[in-house]
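Shown here is one chain on its own, the form predicted on its own, set out as structure tokens.
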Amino acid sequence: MKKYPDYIEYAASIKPSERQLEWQKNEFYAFMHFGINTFTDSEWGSGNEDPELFAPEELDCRQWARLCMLSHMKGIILTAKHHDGFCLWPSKYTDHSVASSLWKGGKGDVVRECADACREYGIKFGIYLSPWDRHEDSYGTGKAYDDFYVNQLTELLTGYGDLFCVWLDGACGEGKHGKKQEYDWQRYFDTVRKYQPNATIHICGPDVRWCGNEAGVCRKSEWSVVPYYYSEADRIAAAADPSVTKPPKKINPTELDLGGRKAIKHCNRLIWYPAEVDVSLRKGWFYHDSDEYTVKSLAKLTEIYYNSVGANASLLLNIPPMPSGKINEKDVEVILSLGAQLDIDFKENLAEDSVMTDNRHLDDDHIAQKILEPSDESYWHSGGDPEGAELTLDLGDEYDINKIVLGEHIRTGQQIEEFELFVMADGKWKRLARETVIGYKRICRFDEIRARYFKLRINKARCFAAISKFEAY
């Protein structure tokens, strides 16, 4: 077996948690930015808005959930409270909520209606709760505000059934002369773990990281194994441990390389911290009539899908409901078109009943044919010498193909650093793609070609290679 540098062996040993593995399967889900800003034509509210402005006369969370279900989204994350502090549920801890509005006589609960709609349509429900609260007087006082925040968080965690995620935004626009609140992040995380142990905590949490932009793309090489200091939670936990490599003075989440060899070589604590790509269907995150012309086209949304879900990240697409409480018909049309396009693009996996062979494998339980078995736990393993390993797919006949979908068996970690994809054309192997990481999912697209044989070659990997997905469309 080949000897690998210690830091590479360490990186190869980092694995996802069970909750991260389950989250990874979601791939594509929706953000719903809805609240008092929807009625004031704002992005960031002041916290001084009159609750009576909140009046969604046709609120239809069933429309939201049905749209997501039909478009192959696996869930909805609702902005239960944005920075303005206005709560979409009747919180016992503030009067700045739906309970103080005229909507449904103060008896309404948007969080309840959205959670129920998600369950009805078989999709998952998550919540966004802004730590920054411009309405709450205790903000900036330390523990008193943390108590307030944890109380509201607990209401959401215990009152609305299972949550698949809690999204914690780190935004704060107070400025140097504004209120300063040192959030007790660990207490927030512990509260989520106590009441919703299966929920992933995103962005300022320890489970899922922001990809670094809101443009709908991730890196060419999007590693799920990165230095600990890209996670707020892990940075806090490591601060008291002198044996852990100190973080850089300036941590930049937009760095082009977060997990390559150069990026991890001098850090002695690595974590599994996969990427989420968040992008809005419109220019703004909340609904504005003036954004009508900015609704992304089907072509743009399709590119975003392939450049996120197809590049080892998840896609969180924001769909802002109108003041009526419904989603604009123009938005509905393009989202449904995306769902229809995905139906076309992935209608039939032509590799399903095919034959796969390899030039090396760990043992008879991890031969190439195992990749095509339906179980998540069936996979090919290269053994300890992955570089130069090849997998050949025989479709049994010639078919028109323009996409190959690959996936590593990430339960054993993320290993592959460089690979090539070939097709047999006119009796010779022709290269279709030369890429870097695979991770949970890598979609390789190319001009349609009629072919029977495809080959994957591993050029560079950490300590081994393990593939559990090889599909052809």
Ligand code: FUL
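Whichever C-alpha set is largest while still superposing within 1.5 Å between the two forms counts as the rigid core. Start at 1 and count along the sequence shown; that's the residue number. Treat the numbers as computed from the prediction; the structure is a model and nothing was measured.
Although not depicted, the form predicted together with beta-L-fucopyranose (FUL) is the subject of the following passage.
K.L.:
Mind telling me which stretch in 165 to 173, 96 to 104, 349 to 357, 181 to 189 gets its heavy atoms within 4.5 Å of beta-L-fucopyranose (FUL) in the predicted complex?
P.N.:
Selected stretch: 165 to 173.
K.L.:
Is F446 near beta-L-fucopyranose (FUL)? Define near as a heavy atom within 4.5 Å, in the predicted complex.
P.N.:
So F446 does not count as contacting beta-L-fucopyranose (FUL).
K.L.:
At 4.5 Å between heavy atoms, is E214 in contact with beta-L-fucopyranose (FUL) in the predicted complex?
P.N.:
Taking the distances in the predicted complex, the answer for E214 is yes, it comes within 4.5 Å of beta-L-fucopyranose (FUL).
K.L.:
Look up in the predicted complex whether Y228 has a non-hydrogen atom within 4.5 angstroms of beta-L-fucopyranose (FUL), and give yes or no.
P.N.:
Heavy-atom contact with beta-L-fucopyranose (FUL) at 4.5 Å: absent for Y228.
K.L.:
Using 4.5 Å between non-hydrogen atoms, is Y128 touching beta-L-fucopyranose (FUL) in the predicted complex?
P.N.:
Yes, Y128 is a contact residue.
K.L.:
State the residue from D331, E155, D278, D109 whose non-hydrogen atoms include one within 4.5 Å of beta-L-fucopyranose (FUL) in the predicted complex.
P.N.:
Flagged contact: D278.
K.L.:
Just one of W285, W272, Y139, Y306 has a heavy atom within 4.5 angstroms of beta-L-fucopyranose (FUL) in the predicted complex, so which one?
P.N.:
Filtering the options by heavy-atom distance leaves W285.
K.L.:
Relative to beta-L-fucopyranose (FUL) in the predicted complex, which residues of 2 to 33 have a heavy atom no more than 4.5 Å away?
P.N.:
The stretch 2 to 33, when checked against beta-L-fucopyranose (FUL) in the predicted complex, contributes F31, H33 at the 4.5 Å heavy-atom cut-off.
K.L.:
C-alpha of G173: shift of 2 angstroms or more between the shown form and the other one, rigid core aligned?
P.N.:
The answer is yes, as the C-alpha of G173 shifts between the shown form and the other one by 2 Å or more after core alignment.
K.L.:
Could you tell me whether K265 and A237 have their C-alpha atoms closer or farther apart in the predicted complex than in the shown form, knowing the shift is 3 angstroms or more?
P.N.:
It is farther: in the predicted complex, the C-alpha atoms of K265 and A237 lie at least 3 Å more apart than they do here.
K.L.:
Just say closer or farther for the C-alpha distance from R462 to A237 in the predicted complex, relative to the shown form; it changes by 3 Å or more.
P.N.:
Compared with this form, R462 and A237 lie farther apart in the predicted complex.
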